[in-house]
Every structure is written in C-alpha cells, then in structure tokens.
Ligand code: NAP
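Next comes just one chain, in structure tokens: the form predicted alone.
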C-alpha cells in the first residue's frame, strides 16, 4: 500500500486464495513491495472453497486487480478465466490471475520460478534423472518447464492419485520430448526411483507448516551426490531438507522459488519491477531468520 498507509476507494486489491491459506507469506512480501514503491495497492489472504464464486466476485469488483492461486485451485481455476497464455493452457495449471476491466487473464509463474531456483543454486539438469513427488498444479507447471526447457535424462513422477498422475504423464509425453515415467507412490516405487534420481523435487504439501515433522522420503534412501529441492517455503527448512542436509546432500529451499514466482506476479499485478531485496528481507524476517 502507499507509504501513508491509507486505503481508499482507489486502492487496488490483490489477494492469495487457497485452502488452507493462513500460512501464506504472500501478503507480507507483496505489501512490502507495494509500500517500497509507494503503490496504491493492498494484498490480502482469503481462504476459498467455492472457487467459481470467488472468481465471479473478482470479475465483478473493479478494484480487484490481481490474484495468486494456491493449493488446491491451480488446475480448476482454468475453467473460470477468460484468457490463458498458450503455454499455461497446455500445462493445465495457473497460479496468477489479472482482472482487466472484468476480463480475467491467467498466467503461470511456478515453473519459471522453480527453474531459476535450481539454476541459481548451480544444479546441473542436463542429463539428470529427476524424481518429482506429487502431480498437482505446481508439479504440472514445474514438470512441463523442466521437460521443455532442459535436456533431462528422464523425469519420474510419483503420486497417490493414479488418475491425476497418469493425466500429467500423458500430457508430458504428448507435449514434451522428455522421457517420462509415472508410478503410483508407494514404498517400492519410491525406493526404485530414488536409486536412479539425481534431483528430487517435493511438490506435495507434506512437511508444510504446521506439520513440520513429516517427510515422504526415509533417510535410508538418500544417495551421495543427490540434490533435494522442496518447493515448500514455510518452514524454511522442511524435514526433507534437514534430513538431506544431514546426509551431506545439496539442498534447495522453496524460498527461492517462492521469491522468483512472486517477483513475476508483482510485475503482472502492477506493471512495475519488484523490489526483490526488500521482499526477500521481509520474507526471511517472517520466517524467523
């Protein structure tokens, strides 16, 4: 919001919607960015179950400028928007919606945000076998980005929902050149995938605040030289990452993806370049760092 802190009829509303959403730090970092640039914007968090009605409300409210979409709405949201970037429609998942005079335009920033996080951490993806845990909205975006923009040796995806899993696998096989393997998540399939994986990416909510003591990967399955990336950012270090680090593995925090995708969203919302370091500082403060 503006530095004077006044919210008026001219103030543009942005929000994150999901279920749950109380843990989200998007309001903290976006409001810090708005304040730094003196923009007449405010950002709130709304728990939403009825997605169709929520987006109808957004369309009807002239000052409702932008929306971040999180679990579990990233796939369903495509049904209720007016325009989607071609690549994101093919991916089948979005996380950003802009209201242009009642016309809802959708984009995805998760995939580019995750790829930048991996590259910035110095992770080699060319020729790598990647194991992705989860096949939901964020997983779809990241899988398509990695399969399309890097030369992976292979991408293995595990999920407990067989229909969602096979749907993603089919879309990836039809739309990307990557070698795709999809298996229902279980002890045996996880163990076999971990034997070959160079990079492990957790795209599930397992380990997210407040359930900090959970991890999908038993420590006995880690191998020397693996990289572990958890897209969860709260807590800063999930049990999965802590276990991996304790075994000497390279880890990539979800904070990096979160900041990267938020910077892209900020540009969509405001048309301005985000004050990245201000947003990062506020995020780390809120995470107790």
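A quick note: this is a predicted structure, and the numbers were derived from the prediction, not measured. Residue numbers count along the first chain shown, from 1. Basically, rigid core = biggest C-alpha set you can superpose within 1.5 Å across the two forms.
The same protein also has a form predicted together with the named molecule, omitted here; what follows describes it.
**Q** Would you say all of 34, 66 and 80 touch the named molecule in the predicted bound form, counting a heavy atom within 4.5 Å as a touch?
**A** Per the other structure, none of 34, 66 and 80 touch the named molecule.
**Q** Given that the named molecule is left out here, which of 130, 135, 118, 91 has a heavy atom within 4.5 Å of it in the predicted bound form?
**A** None of the others qualify; the residue that does is 135.
**Q** Let me know the one among 217, 199, 152, 206 whose heavy atoms come within 4.5 Å of the named molecule in the predicted bound form, would you?
**A** None of the other options qualify; the answer is 206.
**Q** Counting only heavy atoms and a 4.5 Å cutoff, which of 239 to 247, 254 to 262, 219 to 227, 37 to 45 contacts the named molecule in the predicted bound form?
**A** In short, 254 to 262.
**Q** Answer with yes or no whether residue 189 is in contact with the named molecule in the predicted bound form, where contact means some heavy atom within 4.5 Å.
**A** Result no; residue 189 lies far from the named molecule in the predicted bound form.
**Q** Does the 4.5 Å heavy atom contact test between residue 106 and the named molecule in the predicted bound form come out positive?
**A** Close contact is absent here: in the predicted bound form, residue 106 is far from the named molecule, nothing within 4.5 Å, heavy atoms only.
**Q** Are any of the heavy atoms in residue 171 no more than 4.5 Å from a heavy atom of the named molecule in the predicted bound form?
**A** Residue-level check for residue 171: no, no contact with the named molecule.
**Q** Can you tell me whether residue 139 touches the named molecule? I mean in the predicted bound form, with a 4.5 angstroms heavy atom cut-off.
**A** So residue 139 counts as contacting the named molecule.
**Q** Counting only non-hydrogen atoms and a 4.5 Å cut-off, give the residues of 165 to 186 close to the named molecule in the predicted bound form.
**A** Result: 185 alone.
**Q** Once both forms sit on the same rigid core, is the C-alpha displacement of residue 202 at or above 2 Å between the shown form and the other one?
**A** No, the C-alpha moves less than 2 Å.
**Q** Answer yes if the CA of residue 240 moves 2 Å or more between the shown form and the other one after aligning the rigid core, and no otherwise.
**A** The answer is no; the displacement is under 2 Å.
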